[in-house]
Every structure is written in structure tokens, then in C-alpha cells.
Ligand SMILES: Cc1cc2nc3c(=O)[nH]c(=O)nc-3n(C[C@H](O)[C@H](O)[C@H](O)COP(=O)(O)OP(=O)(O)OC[C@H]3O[C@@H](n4cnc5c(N)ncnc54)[C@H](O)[C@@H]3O)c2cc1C
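First, one chain by itself: the form predicted on its own, in C-alpha cells.
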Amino acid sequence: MQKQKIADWGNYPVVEAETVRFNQAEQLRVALGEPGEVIAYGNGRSYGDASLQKRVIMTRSFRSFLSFDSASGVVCCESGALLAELLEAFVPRGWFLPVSPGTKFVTLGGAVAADIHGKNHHGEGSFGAHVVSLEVMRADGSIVRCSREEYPEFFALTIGGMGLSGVILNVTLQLKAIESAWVRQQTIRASRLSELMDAFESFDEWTYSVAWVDTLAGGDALGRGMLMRGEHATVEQVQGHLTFSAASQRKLNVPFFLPNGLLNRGTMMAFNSVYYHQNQKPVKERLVHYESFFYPLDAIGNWNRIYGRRGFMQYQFVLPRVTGRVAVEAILKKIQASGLGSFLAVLKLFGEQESFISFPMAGYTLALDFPVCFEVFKLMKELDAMVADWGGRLYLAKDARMDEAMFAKTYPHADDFREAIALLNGGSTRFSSLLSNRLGIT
């Protein structure tokens, strides 16, 4: 055990914590014998304080592959394995992740705990929908093997449960069969928000879809952006390319924190204009490697440092589809009126989902990145009221400042989840995070 300063990807907040590492289940059992509050910490790719506490269990050393059925594509891995490690091992064999977020540097355990979503939620659901079974160590050192058939209530509580039901040990996952490492990508340029949403809804039979939104464009160009849609390319479609070739993305790195304030409204407006106008065609189709389609930001190491040492916060909300158009437009106008802007703004369409406290619901989700400053806290408080009034909610894995009242109002099963976690946390060792304490869950 050692003390060190840790943070999640937003570099806000930064805390001093006692960190415990393990590579065998028995070592974890001994660590959990120490009383007090504790939470699992994977690769630090949640954005806020969901995996922060005074004492954390570091899971990255626990990352072995345990089994793989080449006929069915079912794999079992220890929870500290990265999605990147699964891709490296199984894409050459013709298998891909069933659901993938915008980075491959997430642990399997973190993917389950946050019930991550991807560009295909509208048709294939969240990560948890493809989990076959789990093994979870409780605070008393006991191990629960659970699935939809075995201890289904505990299984449902753990998927999307933000690590509060225990430390996930092993994950058995159903992979997706693919014919190549390439994606047939179609890019559609939209001159305003209504065009962007029309494009989403006109072609929802595409497996993957995601849009970049220019949050600084106003007037008739409000919400302009580009929609990227994709399908895994077949063998016939990749003629002239090596079917399962490795990515040739140029790897860059941000070696140090940039000065606070370098990323400002002026620099963001310049970038957005260049990015939007780089493609003059209304529709463009090409073949791209899965790395550039799913993980464009992973090509820039430590890109979170561009926001400076103060860090940044991602504000990601989802709104019901019936109110999504009007509400997203109103929120973009509110952001513009504040004089602030989001460097990265990503829009996706969700399908139906019902769970304890997983984030998705049928509707539109918009993720916005803001450098940490006083004005941003004030803006986010105002946005909270708008999101709640429109029947939406915020993504817990990205949050660093939502209050208890907002959580209770926008997550319909908040009380049920709180009661279930209270029953599980009856001993001297309790699973809790700064997030769960702030939201009144623990």
C-alpha cells in the first residue's frame, strides 16, 4: 500500500489516496480485510470522481485472459484487461468488441461498472447487454458468480453499478464476428442542427453513428456538424487492403500540461471552422481502419493535458427522443449566451434501455468538454435545471459536480439502488466513491 495523488481523465478533482495493487484474488481478499471506504480503480478513464476515494484498489495488474471459445466468440478475462488488449488479441481472429466507447484504454471491469455505450446503442444496446457472466468479490472476501440466470438481481446491480457492489474479478463477454479490421464510413455534412438530427433519424439502420457538433456556430448555423456512420467492411469491400492489418495512425503525444487558458473561445472557433470546412462534399464515403473510426483521440497520447493543470469536466446528458430536438437546441443557445464553448462536442442517438442507474434512455445524448473555471460551474448548474425539466439525466461516469437532488430527480431507480447498496455495505468495509458519497448513494 502506498499514498499517491490520483485523478481520473479530466484531471479534476485530484486526490491523495492509499493505493493497493493485486494480481491474485487472495491478495485482494486480504486488502478488503482493512476496514473503511474503498473503490476499484481501473485505468482512470472515467472523467470525474467515480473511481476516487481515500483508499482505492488498483486493478490493472489483474488482467489475464482465462478462456476463449473460437466457435462462439465468448471470452473470459480478468477485469484489469484493457479493451485495447482484447482488440489486439481478437481482431486478427475475426472478432470485435460488441460495444465500444470513444477510447480503447478502458478496463473490462470499468466498462461493466459504468455500463459503457458506443456508437451502436440505438441498435445493439450498452456493454452490459453483451456480458454473459461476472465474478465479483464482496467486502467480506466472498466471491459471487452471477449472470441473468444465476443471482440475476446482483448481476443487474453490478452492471452500471459504478463499482459499488464489489470488485469485479472476471468478465465473460460475447464478442462480435467481423470479416476485416476496416470500416465503411460515410460522412454527412449538416449546415444546422435540424439537418444533423434528420440525418440521424433517416438512416438509423446503420450499425454505428456519431456526430461532431460545432457548439460555437450561431444563427442559422446553430448546431452545424458532421455525422459519421459506419459498418464493418466485408472481405469483398476491402480489396487492396490487408484484411486484418494493424492501424497506421500517426501517434502523437502531449508531453506536458499546456498553459491554462490556451484552449479558449478564439482557438476553438478557429479549429471548428477548419474542421467543418475541410470537407466540401455533402456526403463522402471511404474505407477507414477501425482505429480511426472508433478511437480517433487515442492517436493523441495524454490529450487531456491540452486543458492545463486545472483540468476539464465533461458534461454529458441524455434527453428523451420526443423532446430531444427542441431541448438540444435550447441548451446550445444557453451555452452560446454564456460566452463559453466546448472544444469537443459529440452527439449520439440511444435506443431503449431499462436498468438500475445505467445512463442510456431512448433519445439524444450530447457530450461537452469544458475547461475547469468558476463560470463553467455556474453554467452547468443552469444546464442541470434544463436537463431535468426536459426529462433527461447526466452520465455518472463523466460527472464531477452533480448534486444529490439532481441525481434523485433524474434517475427513477435511485432510491431502489441506494437501498440495495446499503444492504450490501453492512460490514466494516464499504464500497463507496467520492461520486457515490456526493450523490447520497453511500
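Only a predicted model underlies this, so the values are computations on that prediction, with no experimental measurement involved. Position 1 is the first residue in the sequence shown; the rest follow in order.
Same protein, other form: the form predicted together with this ligand, not shown, and the subject of what follows.
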Would you check whether this ligand, in the model of the complex, lies within 4.5 angstroms of a non-hydrogen atom from each of 45, 106 and 395? yes
The one residue among 50, 387, 32, 380 placing a heavy atom within 4.5 Å of this ligand in the model of the complex is 50
Exactly one of 79, 358, 180, 272 comes within 4.5 Å of this ligand in the model of the complex through a heavy atom, and that residue is 79
Of 148-156, 330-338, 213-221, 108-116, the segment with heavy atoms within 4.5 Å of this ligand in the model of the complex is residues 108-116
**Asked** Should residue 134 be counted as a contact of this ligand in the model of the complex, where contact means heavy atoms within 4.5 Å?
**Response** no
Practice item. Determine whether any heavy atom of residue 324 comes within 4.5 Å of a heavy atom of this ligand in the model of the complex, and answer yes or no. Key: no
> According to a 4.5 angstroms non-hydrogen atom cut-off, is residue 246 in contact with this ligand in the model of the complex?
Replying inline: no
Check: Does any heavy atom of residue 102 come within 4.5 Å of a heavy atom of this ligand in the model of the complex?
Finding: yes
Contacts from 138-173 to this ligand in the model of the complex (any heavy atom within 4.5 Å), listed N to C, are 162, 163, 166, 167, 168
